[in-house]
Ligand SMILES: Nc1ncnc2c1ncn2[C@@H]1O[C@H](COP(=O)(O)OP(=O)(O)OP(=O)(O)O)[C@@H](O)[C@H]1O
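Listed next as structure tokens is one chain, alone, in the form predicted alone.
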């Protein structure tokens, strides 16, 4: 088990969002969290990476309790994070954005051959400003930047939001390759069922800050996914 969330609660000020979330992510797997907008999915990812402190409960990463660690130390342990909206630095080039991923490692150089083999468009645009890329290209850059940090677990928040279908398909292929070739686990927040069902090993469904159902992908029907996703 690479990640365990045990009875996690979290709040923004006095507004409690998470109410005792239990979740597990297996090594080299893709786990998808689904549910309507506003049920706590993004809050859960922010709590896992440490941007939001959990009030109760524990987070274990490879068996180590990381509950009290700040975000940069969690990143150094091997947790990569691609937030909703991507947060590319618009005035930096593609190459300079990629270098930011090295902050969580002791390495000095970007693994360019590896990154550009996965994301050919970034090699073509390496000198282009991040702000001049399309939404789909920025999303690829955000994932590539996270991979540069050599994560064991990748947290992805709505990677297909506002992205054309062809780019979404490319992202799906990349996540599958990261699982199979790099043994990278992914915890994915996603709304689009067609995208999720093509890559997911295990589902969690949330409502009102709690997990209301979970299932192996092989044990759940698309009709059940639709039902849980619309509660």
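Numbering follows the first chain given and starts at 1. Source: prediction; values computed, not measured.
There is also a form predicted together with this ligand; it is not shown, and the following applies to it.
- Annotation: in the predicted bound form, residues 40, 43 and 84 each come within 4.5 Å of this ligand through at least one heavy atom.
- Residues with any non-hydrogen atom within 4.5 angstroms of this ligand in the predicted bound form fall in just one of 192 to 200, 64 to 72, 177 to 185, 31 to 39: 31 to 39.
- By the criterion of a heavy atom within 4.5 Å, residue 17 is counted among the residues contacting this ligand in the predicted bound form.
- Heavy atoms closer than or equal to 4.5 Å to this ligand in the predicted bound form belong, across 123 to 158, to one residue only: 158.
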